[in-house]
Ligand SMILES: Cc1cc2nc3c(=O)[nH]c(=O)nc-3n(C[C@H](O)[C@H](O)[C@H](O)COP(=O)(O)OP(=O)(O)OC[C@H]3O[C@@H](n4cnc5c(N)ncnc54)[C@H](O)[C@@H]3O)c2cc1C
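Okay, so here's just one chain, in structure tokens, the form predicted on its own.
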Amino acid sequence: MTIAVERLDELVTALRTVLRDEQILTSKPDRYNRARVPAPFPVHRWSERLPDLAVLPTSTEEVAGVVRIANDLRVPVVPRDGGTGLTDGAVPLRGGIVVDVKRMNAIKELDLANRTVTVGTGINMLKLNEQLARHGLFYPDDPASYPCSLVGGRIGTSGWSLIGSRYGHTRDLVLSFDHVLPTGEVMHVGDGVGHKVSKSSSGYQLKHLFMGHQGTLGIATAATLKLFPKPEAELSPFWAFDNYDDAYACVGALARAGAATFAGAVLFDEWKVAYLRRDDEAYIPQPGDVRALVCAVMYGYEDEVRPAGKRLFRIAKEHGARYLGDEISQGDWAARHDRYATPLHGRTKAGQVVPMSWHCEDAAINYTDLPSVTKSWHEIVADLRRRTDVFDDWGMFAYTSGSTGVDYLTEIDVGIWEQQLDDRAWEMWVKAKRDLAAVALAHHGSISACHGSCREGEVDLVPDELGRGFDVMLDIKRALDPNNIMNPGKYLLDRAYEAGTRS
């Protein structure tokens, strides 16, 4: 708790002017539950990142009222949606108020003619798609955390979708949204000021500014989303390879094939295959000589998916691929969401199974740089593992980000034995994260393509990546949030308020 008891009483009294008592949560369990994330800070420091209280608004007006009060009283505000992020965007570093939007989960309008739906940002994609399926439609934002992440969190992180190569990612799928600024003012953000417009040249393109800010520029409360026909057919072949080089060549060829139904491709390296085989609860047994894997995914109508599939099968065969069969292919693709929750254990160097949490680093890397980045990242984690048994290398994925295959979300997964993690080991991990980010920048990539980069370690290099753009970020933060109440401590944006910064 970072607010003195007297000030907390003042805050609660003020919040009662816009919320009912049941919407204001001050108990220890409520506060701990809303500071919990899948890949937490070291457990022994968890209590340092608790909110002073949490609120459960049900409307844009209530969110705006809460933020206005917080701004008047100079109390930090942290938005929380599904809490599934892996870089602590929803973790309150300075206490204050956590705004939990889960009660803002209604479908406000389904427009079948324009193929849009307007929802409260507390709705999750699985629940939304259950409703849309009755109309033969779906919202194709498909993160690994699909069953539990919410639309608002996707906006706040500018999320990445597993099938984004065909349908686009969150930034492409969200047409517009209502947004509460750090002063409590409400604005509508879209192309122009449109609610259902997908392209405008009127003024600055503010929509992207208010996506991916990790809660530092306000809170999205209602969003209008693009809809697509629910796919009639889905094809997700898994191909096995004897070595990484052939698999790498194959995934590039598949992405460049230009099949209209191509929704994505994934490259699993040798470390990832070994990890899945030994410790993944969702693993479907494969032949023991498999060293690397490629999965391609096609969505669409039956009469377009099957011909495209034949083309991709032919390309895979030309690169030495071995098809693993329908059972493994369909099962493994279906397990893509399970893997978000199942990695709960890893192994020491001696092979002992121990409880471990899942941490990962992701970067946007051009196709031609994937082999070099893969090699360098594994060397960094191998060095960690040589020095302590706290860390385990869980291998790497590379996912296509777009339909042409120009760049890939490149991710290394690391198991961390939280119970054995102390400040020394945490500092080793933070340095490793910084080194991983440096490799991405040295290859002209971006520190993150998916999760964001506001956590210790990689965040240190954000100014290096953005250059003059980081100064603009500071200017924007200071102008829109003059009292630094929105999610303070993230993205190094506290520098906007330090003496000597540009004004």
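These figures come from a predicted structure and were not determined experimentally. In case it trips you up, residue 1 is the first one in the sequence shown, and so on.
Below: the form predicted together with the named molecule, not depicted.
Check: Only one of 174, 150, 296, 119 has a non-hydrogen atom within 4.5 angstroms of the named molecule in the model of the complex; which is it?
Finding: None of the other options qualify; the answer is 150.
Notebook entry, point to check: From the list 312, 432, 324, 90, which entry has a heavy atom within 4.5 Å of the named molecule in the model of the complex?
Noted result: Residue within 4.5 Å of the partner: 90.
Margin query: Since only the chain is shown here, I'm wondering whether residue 84 would be in contact with the named molecule in the model of the complex (any heavy atom pair within 4.5 Å).
Written below: The answer is yes: residue 84 has a heavy atom within 4.5 Å of the named molecule.
Check: Quick one: does residue 190 come within 4.5 Å of the named molecule in the model of the complex, counting heavy atoms only?
Finding: Because no heavy atom of residue 190 falls inside 4.5 Å of the named molecule in the model of the complex, the answer is no.
Check: Within a 4.5 Å heavy atom cut-off, is residue 145 in contact with the named molecule in the model of the complex?
Finding: Yes, residue 145 lies within 4.5 Å of the named molecule in the model of the complex.
Note to self: Against the named molecule in the model of the complex, would residue 214 count as a contact residue? Criterion: heavy atoms within 4.5 Å.
What the structure shows: Heavy-atom contact with the named molecule at 4.5 Å: present for residue 214.
Next item on the list: Please name which of the stretches 155 to 163, 376 to 384, 242 to 250, 344 to 352 has residues with heavy atoms lying within 4.5 Å of the named molecule in the model of the complex.
Entry: Stretch with heavy atoms near the partner: 155 to 163.
Note to self: Going through 356 to 383, which residues have a heavy atom within 4.5 Å of the named molecule in the model of the complex? Please give them in sequence order.
What the structure shows: Going through 356 to 383 in order - heavy atoms within 4.5 Å of the named molecule in the model of the complex - there is one hit, 358.
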